[in-house]
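Only one chain is given next, in structure tokens, and it is the form predicted alone.
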Amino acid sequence: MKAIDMNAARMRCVAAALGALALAGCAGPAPDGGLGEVSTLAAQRIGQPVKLDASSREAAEEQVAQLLAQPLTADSAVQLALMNNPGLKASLGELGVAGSELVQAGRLRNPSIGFGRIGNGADKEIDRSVIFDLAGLLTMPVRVNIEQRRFEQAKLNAAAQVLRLASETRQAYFVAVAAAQSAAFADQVRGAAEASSELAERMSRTGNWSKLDQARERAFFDDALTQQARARHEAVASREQLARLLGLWGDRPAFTLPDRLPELPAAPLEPQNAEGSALAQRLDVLAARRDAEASAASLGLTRTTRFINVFEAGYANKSASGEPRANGYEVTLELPLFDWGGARVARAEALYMQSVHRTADVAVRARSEVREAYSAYRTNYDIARHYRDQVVPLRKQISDEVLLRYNGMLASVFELLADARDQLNAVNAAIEAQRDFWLAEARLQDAMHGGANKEQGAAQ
């Protein structure tokens, strides 16, 4: 009966070892290093295809050239940035590090070989041994499970970086288009101010205008010159910001932007259960959960192995002069007489609680960011629509009425020019309101899907 129990125990050990070896053979990331799954996660949230693993450099260059051949849209700018941004490529390298650690967790520590020779005159004694890390073999499934969770977390972090770059690119795109539109409008304002200043100067010389009115027109012209210079610089700066995100440099052809911002949508978004959706699909929340799960598994492993510092087993034989060779096995166990593993367990518990609190913090931030982002989105939509439907048409109606009175000699040139300035200010404000809406829309999408929790990412 005792022999049967011993055989069963040996069989269980062999089965455990074979299972661990089988798991080691299966463990490992996909051939693309997980980029395909990262692309899928990002595409589900961006709403457009994302391709991070280009088949070849020539194919990627051709796709970039095709995108640059047409005026950029917000979606094509995002697509171009994801293909060409060098910072994103460097960040995705961390995914390869996590994949390597996963592969390493599924492999045994190298065996150690022992050899000893003792001579006593003509007598010689030789000891030989091959030792394997048995504890590492038995705990391999747990370690692989932990590293698998780490790898899943790394993929979520990589997808979050993709979404962050997409959001930054969309915002930079709208800022660049609005700046170019404002610069073109500033050129028109500057031309009108110059014409009015020359007219005021001629009328002042003939005595039809006072020096005060002439000085006002000159001041308006000087102010238009300043605004034009600022608008042109803003256009250049915002365009360069977009170019950096697109990863364009060297002899790349210049990209073309549309003349105007996109029109407002017919109706604003009315997301149902936005906070719940954000908690379910935000990548930073999912990554924090994976981190907490991996920390819990790591804590369990530490508690299990706290009294096993080293447990090794292997084959050994001994030969001595004049005696037959003796074969057997050798088992070594390092006893924790001075280190009971309490410090390691305390460290694991601290890391686990840290990950739990971090997950709660990310969840709190996510809900707050969604509420704030939607408030900004809805407010900017109402403001932009108010400018489009009320302010600008009303200013145009006023300008038409002033022009009719001027043609009927019921209004002076000064009144006509003053009204033109008011209309220019209203148009500029409408452009800024439209830009702010699209920026708010990009930030809302980021808050819903990716997570603008940059401080958290830096802390990790």
Partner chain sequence: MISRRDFFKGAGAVAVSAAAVSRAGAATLPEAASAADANTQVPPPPPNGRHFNPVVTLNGWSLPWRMNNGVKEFHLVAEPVVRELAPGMKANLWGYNGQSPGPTIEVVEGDRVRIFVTNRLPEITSIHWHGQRLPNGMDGVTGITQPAIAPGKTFVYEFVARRPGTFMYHPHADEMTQMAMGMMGFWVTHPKDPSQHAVDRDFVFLLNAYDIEPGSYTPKVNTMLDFNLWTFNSRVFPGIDPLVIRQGDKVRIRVGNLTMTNHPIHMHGHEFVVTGTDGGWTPPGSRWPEVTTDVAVGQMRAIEFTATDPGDWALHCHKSHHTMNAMGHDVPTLIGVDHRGVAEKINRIVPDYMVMGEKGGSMGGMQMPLPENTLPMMTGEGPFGNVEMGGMFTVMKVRPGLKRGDYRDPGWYRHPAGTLAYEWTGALPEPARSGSAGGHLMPARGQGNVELKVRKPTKGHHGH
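These figures come from a predicted structure and were not determined experimentally. For clarity, a rigid core is taken as the largest C-alpha set superposing within 1.5 Å between two forms. Positions refer to the first chain, counted from 1.
This next part talks about the form predicted in complex with its partner chain, which is not shown.
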Looking at E401, D32, E61, E432, which is the one with a non-hydrogen atom within 4.5 Å of its partner chain in the model of the complex? E401
Name the single residue among V392, V413, L52, L68 that comes within 4.5 Å of its partner chain in the model of the complex, judging by heavy atoms. V413
I need the one stretch from 352 to 360, 188 to 196, 370 to 378, 274 to 282 whose residues put non-hydrogen atoms within 4.5 angstroms of its partner chain in the model of the complex. 188 to 196
Non-hydrogen atom contact N425 with its partner chain in the model of the complex at 4.5 angstroms: no
Is M203 part of the interface with its partner chain in the model of the complex - any heavy atom within 4.5 Å? yes
Taking heavy atoms and a 4.5 Å cut-off, does T226 contact its partner chain in the model of the complex? no
Although the partner isn't part of this model, could you tell me whether T256 comes within 4.5 Å of its partner chain in the model of the complex, counting any heavy atom of the residue? no
Check each residue of 35 to 49 against its partner chain in the model of the complex and list those with a heavy atom within 4.5 Å, in sequence order. none
With both forms fitted on the core, check whether the Cα of Y381 differs by 2 Å or more between the shown form and the other one. no
Core-aligned C-alpha movement of S91 between the shown form and the other one reaching 2 Å: no
Cα of Q390 displaced 2 Å or more between the shown form and the other one, core superposed? no
